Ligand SMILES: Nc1ncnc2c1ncn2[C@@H]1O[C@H](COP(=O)(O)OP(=O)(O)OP(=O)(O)O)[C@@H](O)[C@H]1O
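Coming up is one lone chain in structure tokens, specifically the form predicted on its own.
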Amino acid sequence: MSRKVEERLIVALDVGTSKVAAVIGEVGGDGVIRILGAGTHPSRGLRKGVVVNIESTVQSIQRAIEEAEAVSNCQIHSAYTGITGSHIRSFNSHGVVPIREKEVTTQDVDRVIDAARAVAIPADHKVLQILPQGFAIDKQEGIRDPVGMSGVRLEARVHIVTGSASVAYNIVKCIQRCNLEVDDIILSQVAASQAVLSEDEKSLGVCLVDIGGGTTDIAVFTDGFIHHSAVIPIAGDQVTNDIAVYQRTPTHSAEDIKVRYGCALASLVETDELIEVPSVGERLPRQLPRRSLAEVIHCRIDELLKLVQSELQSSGFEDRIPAGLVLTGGTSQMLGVVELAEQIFKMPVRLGTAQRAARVTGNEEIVNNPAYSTGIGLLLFGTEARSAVVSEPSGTIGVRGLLRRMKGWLQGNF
């Protein structure tokens, strides 16, 4: 395969707690992204989305990048990356400014978003994303793009995401140590929502639950915009640890057992089915009922889903998501998770994959795998951001402003 033209390549780097995934896409003239290849490597330097070992994280990123480059026959120089962790905080804000020339310009939009973001945040936090929820002109609400409209008073409602400056710095530092530039940093569940949620679901009201290795990320959409986001520091790694403890098996064996035989509902497992469980040390493997494994997994997944339910109840959005829940992330594809969620939430639940994103083609094992939802979403986000910078079409205000602010922040600190 010949070397691809660099300007057409876009790279997503999902630096997670359990794995690092690099996905390379090629953007066609029609805006469709063709997946050229991906590389994954176990993540050895993060805990619950936070870098705890720089060298191990750099090595994991480098291995994933090298694999992706080898598979796609491309050489990459920059990437869009996601960020998550319990340090993430988000809230909604409101800003109002006068319209200077009686007709809204992009400068007016920038000013009203700046007004909305003028809120106090902890000194060790940085604003990571500002996501517009809609505009109003002279109290006429429901406006998505006010540029060119006439009026006197412009209002904006936004969802602001902040995160620990040191956590973001360390992620950027690790990526730069691999000779890559960071195009932008995007909240992981926001990226995943780009890939797995339909516009109808966002408009009606839906909750995205991204169950990864170290964290479970939540994003609630109503009226087409994000209105709530949160991070729960419990996910697939806790399931693995429970299996290791209760089945008395090494952690790496517990992960393999979880992937091969994991089930979140004991009723879905045959009562007489046995699985081989490696023992610790030099002891011989044992034959144990698969149902006992399912009971261990059920307890942890049940706890996790009830924490998600509690988050929705406390946020006030539990009754505002008639489209139900969309589960994604590597742990979500375990047998029985969707069924258990339906029992707990008493609403529609489906498994979310990027197959709903019509603008992504190529390797179906990647596109249709929930574990790559964040990576695919980062590709989609990056494609929109590049298009917004080049052409600034209507409807890209949030992306354009976000890209400019994050670029300035990254350049100012590195």
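Note that this is a predicted model, so its numbers are computed, not measured. Residue numbers run from 1 along the displayed sequence.
Below, we refer to the form predicted together with the named molecule, which is not included among the displayed structures.
Contact annotation: the named molecule lies within 4.5 Å of heavy atoms from the stretch 328-336 in the predicted complex, the single such stretch among 142-150, 328-336, 244-252, 220-228. Shown alone here, residue 258 lies within 4.5 Å of the named molecule in the predicted complex, counting heavy atoms only. When the named molecule is considered in the predicted complex, residue 213 lines it closely, a heavy atom lying within 4.5 Å.
In the predicted complex, none of the heavy atoms of residue 82 sits within 4.5 Å of a heavy atom of the named molecule. Not displayed here, the named molecule is approached by residue 237 to within 4.5 Å at the level of heavy atoms in the predicted complex. The contact with the named molecule in the predicted complex, taken as any heavy atom within 4.5 Å, belongs to 371 out of 367, 371, 64, 380. Of the residues in 12-38, those that come within 4.5 Å of the named molecule in the predicted complex through at least one heavy atom are, in sequence order, 14, 16, 17, 18, 19.
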